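Below you'll find only one chain, the form predicted on its own, shown as structure tokens.
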């Protein structure tokens, strides 16, 4: 990590920004409703980058532009467009063939690819994500779209045959749910939003999309691609304060599926606003406090490498991040020394700098919150063990390793969602096991050991507490074909390339007694391609 002097001078003036990463202010006034890019003439919200630059009064966040603060009436118009396009399942989009919907998504992906540089640059400036990680997020999103298309084709191939059982002919396919409200997180505003948006669309749902509170402007380059690729009303965008716009949308009762990644408190409020909750399909990604358990026989070099990456990738601002470490007392001193050294060797700086790992934080007041966590831990007997850890310069927070953490401290329970690594020593394996069992969250755990017997003894109980057990590797989401979910308060529903298609659809079928008349009717419908549902067409 940089020295205190380097941290104090981590921000530089505009002249230091490479020309290819310069970002002009973007005054976004357009939003997409019913196939039209409408021009907002009301109030707007100013967007400021976490990247600061020197000014006459000190360091100041760089202005990036603005986006519309839509009112409730404008949001209801977006919802009405989605309702009209779905038309109780009779609209063009939900009744379209799978092949035709795939064609629209492919058209969007092609147009999206043309906006790569614009989106990546806005990712960097809006949320402080490094160029390497911003480019990776964009490319991974395109890969996700391609994988989703392949999965839809495979699902359709399986469904393209008839089943005859007990004298009944049936064809079973998946049908859309209806109007879907998609709301993604600020830490992966493109990728995680699209991991719900794309499967919802391709399965025939119509969508109201609300970008996250940070990472709004980056959707602007994609509005025209949405407009051109999809029929009117299939996707509609709303911008503004979530507390103003989303409760009325839910209270309308017209939302059939809610895809939300954020806090459980916000998710609960949205769900409670719906007048008919049993009609509402929930796909929720919520909080997590993923632990790592480092056993006495662990390969310390490997454990430190994985724990640093798992704890501090994108400044620890990931729901899948390792957020608390349990280290066996026998190796704690050696592990801490290696961990502190590895953290201090991380490159800190601006998003455009090659190899940078630790960058400024986008949330207002985040450095104050993290400082409060450190102060609380120190007051209860912990220390920051790496030199310079916890140093603050405007929006920049130097990563801190905190030891020994105990249950009196806020860091023991609170999801810090930032570059702070709490470490707890243990002698009895029941200590981390009890922590996981008592936790409100149950997403993932990482275990570091070279003993197969000990690993096996931990795997069997832990798979009943969390949804992913990582052996000698960090907690993470990918690969996208793997299921991604959580127990307890960490998630509702499962996402992966194939699971997401099922999350935004429902099995439905056409059935008839296998009489000569019915066989003839079905045969004629299929041969003459009169139905998109009742069909044996095979998508290659």
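Positions refer to the first chain, counted from 1. Computed from a predicted structure; not experimentally measured.
Although not depicted, the form predicted together with a small molecule is the subject of the following passage.
Here the chain stands by itself, but in the model of the complex one stretch of 111-119, 183-191, 203-211, 379-387, 183-191, has heavy atoms within 4.5 Å of the small molecule. A residue is said to contact a partner when one of its heavy atoms sits within 4.5 Å of a partner heavy atom; residue 411 fails this definition for the small molecule in the model of the complex, lying far away. Although the partner is absent here, residue 477 lies within 4.5 Å of the small molecule in the model of the complex, judged by heavy atoms. For the chain shown alone, residue 402 is not a contact residue for the small molecule in the model of the complex, no non-hydrogen atom being within 4.5 angstroms. Though the partner is left out of this view, residue 484 does reach within 4.5 Å of the small molecule in the model of the complex, counting heavy atoms only. Only one of the listed residues (264, 256, 320, 344) places a non-hydrogen atom within 4.5 angstroms of the small molecule in the model of the complex, and that residue is 320. Just one of 281, 101, 174, 140 comes within 4.5 Å of the small molecule in the model of the complex, counting any heavy atom, and that one is 140.
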